[in-house]
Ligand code: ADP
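Single chain ahead, written as structure tokens, the form predicted on its own.
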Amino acid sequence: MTTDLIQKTSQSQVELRGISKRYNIYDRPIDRLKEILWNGKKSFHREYLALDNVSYSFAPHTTALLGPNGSGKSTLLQIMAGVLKPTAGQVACRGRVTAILELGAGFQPEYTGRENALLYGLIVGIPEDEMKERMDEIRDFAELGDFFDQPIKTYSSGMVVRLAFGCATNVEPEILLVDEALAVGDEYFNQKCLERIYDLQAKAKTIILVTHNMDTASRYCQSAVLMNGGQIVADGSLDEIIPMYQEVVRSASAHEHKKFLSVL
């Protein structure tokens, strides 16, 4: 296992430097208003540190980002995607970043699949004419047929994921971020995703996959990073990290069960 969690390599495409994300937690909505009225002279919130000084470099291969619920995985992925701003620290991404963060994230329900695909391309910096040339490939990959020109609100969850994956992987990303999206698709579509990921891997792209499914991690990924308590606590091969992840999850579940029994 890597002893230095900040892997210093000229090949890294994503570098995290001291990333922290802090949220203010208010017990009651009125507490937020009271804090405004006090003009910061008195605090009515408590702080929650979702990420605590995370530094890491992701090399151009597929990395599983593992950790129990609340460990900071999704928050870190959203910061890498530019959806969230860190409270402190910097993110350096070399190349085009595309992301599938959660079911339907970023899609407009009233827009058609085609319109959402076009909007997705514009967001990641692809000219409209170029994106229009990619429409047939996105539609065919997602297997939406006539639904491609129907509003997203009429789609099933599987159709939304197929469209999201089609958009994210058909725009030649250098960096692909995936948060649990593969758990929604059927076996046939997962195989298509696997083939697309293999194609990106062959082109030395950086793929970061958040998952709770160890079969998915073993199937898609070449290394793993373990998060707990808002920090990266270990990295290395899947054989090394998966047992550590399973032990962390067991410990967290036992702790929650004990807390539950204490209030009965």
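Rigid core: the largest C-alpha set superposing within 1.5 Å between the two forms. None of these values were measured; they are calculated from a predicted model. Position 1 is the first residue in the sequence shown; the rest follow in order.
What comes next is about the form predicted together with this ligand, which does not appear here.
- With the partner omitted from this view, the residue of Asn116, Ser74, Thr98, Asn170 that lies near this ligand in the predicted complex is Ser74 [heavy atom within 4.5 Å].
- This ligand is not shown here, and in the predicted complex it never comes within 4.5 Å of any heavy atom of Ser43.
- Although the partner is absent here, Pro68 sits close enough that one of its heavy atoms falls within 4.5 Å of this ligand in the predicted complex.
- Contact between Ala50 and this ligand in the predicted complex is found at the 4.5 Å heavy atom cutoff.
- Residues with any non-hydrogen atom within 4.5 angstroms of this ligand in the predicted complex fall in just one of 217-225, 194-202, 234-242, 23-31: 23-31.
- With the core held fixed, the Cα of Arg32 is displaced between this form and the one not shown by 2 Å or more.
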